[in-house]
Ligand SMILES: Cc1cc2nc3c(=O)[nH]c(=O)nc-3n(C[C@H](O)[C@H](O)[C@H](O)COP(=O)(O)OP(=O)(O)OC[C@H]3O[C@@H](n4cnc5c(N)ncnc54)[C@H](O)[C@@H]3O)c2cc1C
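Quick setup: one chain, the form predicted on its own, written in C-alpha cells, and binding and motion questions come after.
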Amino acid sequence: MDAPPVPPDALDNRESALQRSNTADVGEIGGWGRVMVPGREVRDENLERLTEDAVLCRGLGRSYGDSSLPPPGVSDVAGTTLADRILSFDPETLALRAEAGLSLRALLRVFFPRGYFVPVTPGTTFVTLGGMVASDVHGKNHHCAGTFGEHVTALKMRVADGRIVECTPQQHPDLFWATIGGMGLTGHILEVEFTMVKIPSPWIYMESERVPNIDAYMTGLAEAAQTWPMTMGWIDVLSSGDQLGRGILMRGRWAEPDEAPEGFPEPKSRPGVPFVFPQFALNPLSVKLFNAAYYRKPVGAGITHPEPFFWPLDAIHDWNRIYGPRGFTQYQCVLPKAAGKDAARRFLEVLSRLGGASFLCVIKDCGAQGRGMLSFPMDGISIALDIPVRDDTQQLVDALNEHIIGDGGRIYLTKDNFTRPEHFAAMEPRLEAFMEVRRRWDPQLRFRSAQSVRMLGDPQ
C-alpha cells in the first residue's frame, strides 16, 4: 500500500533556503564540527542522474568530522536532500521504502502521529535515511534493538561500474553488509527499505536519578538494561576523587495508552544560537559551572515529551556555534565488556589527566555487535564527549585512542576527524575484510571522502 501524502510542513529536510537550490555556491563545505574544506554540494531530485559521476553522497551534513566532505582535489559532492520521496508503506508488514535523501524529521512528521516510529533513532532528527545506513546509527535502545542496519531489508544502489543494483541480505549480501556502516564508500545509496515499529503512544515514561560517581553510574546502567528498553545518561567529566563521573542516569519506555496524556505532543520551540561564540567563552571554568548546574537539575519519574528524551540537541538551532570559530570534534568510543567493569573509570582517569573538558559526556549501554562490516557498537558501553578544537586536540585524541586500543575498543567514524590511520587499523580487525569487499565492487576506489583519504589511504 502507498504511504499517506506528506504534509507540506514535513518537507523540511533543508535547514535553509540555500538547500532548495540545485547547486550551492562554490566555496567551502563543512561537517557539523565546523571544520571546513573547499567544496560544494550539487543537488538534484533525481538521484540516479545526480550520482552518475559523483565520488561521494552527502545528506544533511551532520557528520561531525570529515566523512561527508570531498577528498582533496575533488570539489563536488552529491547532495541528496531533494530526493526525499516516500515510495511505499505496508501497514501489515510495516515495511517502508523511501529515497535516501528523506530526513528522519520529515519521516516522523508523517508517521509518528499515526502511531508508527523508526526501530532505532540517533540523537538527532536532522539525518537522512542514507546517512542512517552509512553510519549504521544506534540509539538508546541498542541493547534491545541493535543498530538501524539490523532493520534494513533492501538497498537500491549505484555501484562503481555505473550499474543500479538492488542488494539485500540474500542478494549481493557482501555489498549489503559492507554498505551498512560503510560511510558511503561502497556506492551511492539511492533508496532504503526498512521495517517500522508500532508504538502504544507517542509519549515516554522516564525515570531519572542522580548518581554520585562512575561506579554507581555503571552499576545503575547495567541494572536498568535488564528491564528497560531505553537507557542512557550524562556524566560530569570534570568531577574528581569520590565524585569522579558523577551524573544523571535515565531510563525510559513508551508510555501505555492508559498512562499517556491525550493527544499528540505539541512540537517544541527551537531557539537558536545567533552567532559564533568567541573561542575564550568555552574554557574549563565555564564547562565546570555548566556541569555543576546540570548535575543539580530536577530528577524523578513520570511522562515526558519525546523530543527532549530522544533528541535534546535538536532543541537549539546551530548549537555547534557554541564551540567557537575553530569548531569541535566529538570523541565517541565503545569499550567492550571484556575490558572489565572498571573500563569507564580508567577512561575517565585518562581523560582527566589529559585535561579534557566537555559540556557533553554521554555513556550508553550497547548490545551485541551488528552485522554491518564496520558497524560501530559492540557488547559493552559507548562513551561520547564533545571536545573543542584546540592546538592540542590531536595529542588528546591520540592518547585516548591508544588507551581504547589497549582495552579492545574502537571509535565511531561518523564523529571522527582526528584518528590516525595506524590507530584505526589497530582497533578495527574487520577492516581488511571490508576493504576486500569494497575493492571487489570498486577496484579503483572511485568512491571516497576526505576521511577515507586521511584514514584508509585512498587516492587523492
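Numbers for residues come from their place in the sequence shown, where the first is 1. Only a predicted model underlies this, so the values are computations on that prediction, with no experimental measurement involved.
The form predicted together with this ligand is left out here; the points below concern that form.
Mapping the unseen interface onto this chain, Gly409 falls outside it, with no heavy atom inside 4.5 Å of this ligand in the predicted complex.
Proximity of Ser239 to this ligand in the predicted complex: non-hydrogen atoms within 4.5 Å are absent; the residue sits far from the partner.
Looking at Trp319, you'd find a heavy atom of it within 4.5 angstroms of this ligand in the predicted complex. A residue is said to contact a partner when one of its heavy atoms sits within 4.5 Å of a partner heavy atom; Pro70 fails this definition for this ligand in the predicted complex, lying far away. Of the residues given (Gly187, Gly356, Gly149, Gly247), Gly187 alone sits with a heavy atom within 4.5 Å of this ligand in the predicted complex. Segments offered: 366-374, 203-211, 269-277, 123-131. Contacting this ligand in the predicted complex at heavy atom distances within 4.5 Å is 123-131. Looking at 78-109, the residues that come within 4.5 Å of this ligand in the predicted complex, counting any heavy atom, are Thr80, Ala100.
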